[in-house]
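Next comes just one chain, in structure tokens: the form predicted on its own.
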Amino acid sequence: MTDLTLLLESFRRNARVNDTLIAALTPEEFALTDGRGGWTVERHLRHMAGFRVGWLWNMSRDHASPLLNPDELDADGDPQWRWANAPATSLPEALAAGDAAALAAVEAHRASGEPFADPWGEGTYQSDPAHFLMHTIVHDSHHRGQVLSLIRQGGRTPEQMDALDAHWAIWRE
């Protein structure tokens, strides 16, 4: 098996960057949008957290279960994500729980040699389940960029935007 030390450290750093960004947001900034029908800051962050459970629900349902509320079902009869209606302040908890579930799924499937399920034929990291962690990092990075753009457009000064650059130091440790 391939050594995942660097990838796991990167995954942990990605979580710290997410937490740093969320902690820097004002309550008003969660509602910012581009004014042209695009997502709000909060929707980007919810999507980032929901990405984990969405993929796990399709690939490794046992690992998705802790992220779901079996008492609330969606239109398809599937259990709802536990944080679907939670306040934005709970998103760091949702991201942390999703990260833990993703790590557990990757570790279990790598240890067993069993690939992730692929019910829709989309491709579910068949070459190595660890690619799910890399996809999560890239996906989060994309949406963090969208969030930073929205808060800049929402009125943050260049100096305030520069202050957010501290989260980049996490990648350079």
Partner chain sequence: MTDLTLTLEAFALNARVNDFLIGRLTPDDLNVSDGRGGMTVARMLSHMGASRGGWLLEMAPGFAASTLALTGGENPWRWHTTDPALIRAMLRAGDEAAIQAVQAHAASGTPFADPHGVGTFHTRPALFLTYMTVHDAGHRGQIVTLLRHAGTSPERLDDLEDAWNIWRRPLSPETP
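Residue numbers count along the first chain shown, from 1. None of the values given here were measured: they were computed from a predicted structure.
Keep in mind the form predicted together with the partner chain is missing from the figure; the text below concerns it.
Enquirer: Work out which of 119, 113, 145, 27 lies within 4.5 Å of the partner chain in the predicted complex, going by heavy atoms.
Expert: Of the candidates 119, 113, 145, 27, 145 is the one lying within 4.5 Å of the partner chain in the predicted complex.
Enquirer: Quick one: is residue 123 in contact with the partner chain in the predicted complex, heavy atoms, 4.5 Å cut-off?
Expert: Heavy-atom contact with the partner chain at 4.5 Å: present for residue 123.
Enquirer: Can you work out whether residue 34 and the partner chain are in contact in the predicted complex, taking contact to mean some heavy atom pair no more than 4.5 Å apart?
Expert: Taking the distances in the predicted complex, the answer for residue 34 is yes, it comes within 4.5 Å of the partner chain.
Enquirer: Taking heavy atoms and a 4.5 Å cut-off, does residue 141 contact the partner chain in the predicted complex?
Expert: Although the partner chain is absent here, residue 141 would touch it in the predicted complex, with heavy atoms inside 4.5 Å.
Enquirer: Hey, in the predicted complex, does residue 50 get a heavy atom within 4.5 angstroms of the partner chain?
Expert: Contact check for residue 50: no, nothing within 4.5 Å of the partner chain in the predicted complex.
Enquirer: Suppose contact means a heavy atom within 4.5 Å; in the predicted complex, does that hold for all of 6, 13 and 155 with the partner chain?
Expert: Verified in the predicted complex; spot residues all in contact, yes.
Enquirer: Determine the residues of 159-173 with a heavy atom within 4.5 Å of the partner chain in the predicted complex and present them in sequence order; the list may be empty.
Expert: Result: 168, 171, 172, 173.
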